[in-house]
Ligand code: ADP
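A single chain, nothing else alongside it, follows as structure tokens in the form predicted alone.
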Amino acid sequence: MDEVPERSSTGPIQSYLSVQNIYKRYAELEVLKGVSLEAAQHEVVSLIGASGSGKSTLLRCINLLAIPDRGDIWIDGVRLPLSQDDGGPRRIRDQKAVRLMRARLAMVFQSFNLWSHKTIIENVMEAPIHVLNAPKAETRDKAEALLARVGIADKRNAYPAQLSGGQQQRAAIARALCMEPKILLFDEPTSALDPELVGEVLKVMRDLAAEGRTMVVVSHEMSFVREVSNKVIFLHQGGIAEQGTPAELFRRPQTEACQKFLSNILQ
């Protein structure tokens, strides 16, 4: 089995996910400016904010699809393996370790990211077989059960192009769950859907939250955020401007930026 980095003796271990002082710049644009957050086991943390505030970039840094320029990330007490030589750009130190970490930290994208040339059940089975070396027969049984759970068992042998957007996103959620992750990341999972399809995806996500799944969610669906979140974080211009429980943040926003954002989005 591939080697996993040892647990840090100095890093945070009390949270399933600990993000510490993350900075990220693209050319002259500094997208994230020292962002930190914690997500405990069974906790749903939602990130809200205007377009360009850094929400999606933060998720991409958490699973190392984007490499943070500064800061550290721990998953279940294990620090993600990043290194920097002589002031140069940071890089992934151990690709095998990152693949294993991503198995603990599954991400659902706004654009589904399903393999177009594979059937739905093949999409769901792909990562456990090729990343975790899971037995094919056992993985197929698990994939069948997950597709039934998200309500698209009858689409198992269809191709993504034959499904609606809502069905594709539910397949993407089943694919993420098939890795048995400790944490689920959702990046605007309903933003690419027609309005009538949004509800079927949010229902699956509500069910996951009710099960006690640890989730970090970027969403503009404010009623969903208010209902399922333990903590809401408002990002503004690359930093955390405000955070608290849904009741605290939605009823009594403290910053002018958050007040303006909620006023506009809740109209």
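Numbering starts at 1 and follows the sequence shown. Worth saying up front: this structure is predicted, and the values here are computed from it rather than measured.
Quick note: we don't show the form predicted together with adenosine-5'-diphosphate, though the next part is all about it.
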item	value
Sole residue of 225, 31, 37, 241 within 4.5 Å of adenosine-5'-diphosphate in the predicted complex, by heavy atom	31
Contact residue in the predicted complex, chosen from 56, 229, 219, 63 - any heavy atom within 4.5 Å of adenosine-5'-diphosphate	56
Heavy atom contact within 4.5 Å of adenosine-5'-diphosphate in the predicted complex, the stretch among 23-31, 207-215, 194-202, 37-45	23-31
Residue 67, heavy atom within 4.5 angstroms of adenosine-5'-diphosphate in the predicted complex	no
